[in-house]
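One chain follows as C-alpha cells, the form predicted on its own.
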Amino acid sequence: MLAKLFRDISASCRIGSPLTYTLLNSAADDLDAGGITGRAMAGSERDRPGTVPGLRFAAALHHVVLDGRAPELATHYPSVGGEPRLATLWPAAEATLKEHEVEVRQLVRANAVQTNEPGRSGPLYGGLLVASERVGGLPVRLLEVGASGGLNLRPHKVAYRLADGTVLGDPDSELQLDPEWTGLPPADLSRPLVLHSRAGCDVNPVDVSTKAGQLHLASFVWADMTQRLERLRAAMRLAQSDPVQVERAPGAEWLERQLAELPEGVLTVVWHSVMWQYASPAERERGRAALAGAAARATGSAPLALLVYEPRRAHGNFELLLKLWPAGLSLRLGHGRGHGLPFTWEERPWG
C-alpha cells in the first residue's frame, strides 16, 4: 500500500520535477524489496492517502540536504547547487537514509505537507478582485484556513507582472511574480485590492521568521524547481517585513469563532488552497456547517464569500471556485496547476 502511494504521487512530479519522480519511484521499489525506506517510514504504513507520505519522505531527505548534512546526495540537488544525475540518484539517497534513518523517520511522522506555495497568490488576487467587485467594491476581510506560514495572506503586497508589461498589486514588492495568466480576471484591474484585515489558522503553523521555519517550508519544495524555491524565499522575506500571525487551531473550530459575526461594510472571504485533502471527513463536515451558518446570516451590507483553489478529481486539474452570499452566485473562475501558475481565467457557473 505504501509503495503504491509513493508511485501514485510520483506521477504528479514527472513533468515538473524529474528528480522527485525518480526518487519516489526508486523508494517505492525499495519498499517492495524490504529495504531501508521501510524502516525510515516505520509508523506511517497506514497513513491516509491524503496525508501524502511520499511527499513527506521527499521533504525529510531534502531537509537534511538543505541543512548541509548530506554532501553526497547534495551533489544531485539543484536547490544547493547540485546537478541531478538520475541514474545514480538512488544510491546516494539510500546512503543518506542509512546515515540519517532515525531523523528521517521522525520528520516523516511529525510533519504534514506544507507547500504554502506563493504562486497561488496570483489566482487569489484575481479572485478577490472579482469577489469585491461583485459586491460593490467592498474592502476584504481575508480568512485563510490551513495558512501554514501565512505566505498567501498578503496578496495586495505582491507585484504581478503581466505579459503585456502591466504590473498589478505593489510594483515595489519583495515578491515579483509572473502569474502566467491566460486571459484576465473578470474584474476592473485598475481598481486596487483593498484589504480590511487578514487572519489565518493552521494546526501546525510555521514561523517563517525563524531559520527552522524557513528550512521546514523550503524542504517541501521539489529540489530541482529552483525558481519555485526563489519565489518561496522572496515570499518569506515579505512575510517578515509584513507579519501576520497564524493562529494554531483546527480550521473548523477557528471558522466558527471568526464567522460568529460578519462586520458591516466589509466582504468576509474564507479562503483555502490545496489543503482540503488533508482535513479529516469530520473536520470537513464541521467546516461546511460553520460556513453554512454564516451564509444564512450574510446580508447585502455584510456579505460572505468562499474562494478556494483545490484539485477537482472530476476534471483532473486545480480550479478557482467562488461562492457569494446572499447574492447566491457560484462561479468557476478558471483553472491551473497545483502551484497556482500557469493559470487560465475562464468564468463559468459552478454547480
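In case it trips you up, residue 1 is the first one in the sequence shown, and so on. Here the structure is a predicted model, which is why all the values come from computation and not from measurement.
Below, we refer to the form predicted in complex with a small molecule, which is not included among the displayed structures.
In the model of the complex, every residue of the candidate spot (120, 146 and 251) has a heavy atom lying within 4.5 Å of the small molecule.
Residue heavy atoms within 4.5 Å of the small molecule in the model of the complex occur in exactly one stretch of 153 to 161, 183 to 191, 271 to 279, 258 to 266, and that stretch is 271 to 279.
Of the candidates 30, 283, 319, 47, 283 is the one whose heavy atoms come within 4.5 Å of the small molecule in the model of the complex; the others do not. Contact with the small molecule in the model of the complex, judged by any heavy atom within 4.5 Å, is made by just one of 241, 209, 204, 197: 204. Among residues of the shown chain, residue 218 is not one whose heavy atoms approach the small molecule to within 4.5 Å in the model of the complex. The small molecule is not drawn, but in the model of the complex it has a heavy atom within 4.5 Å of residue 113.
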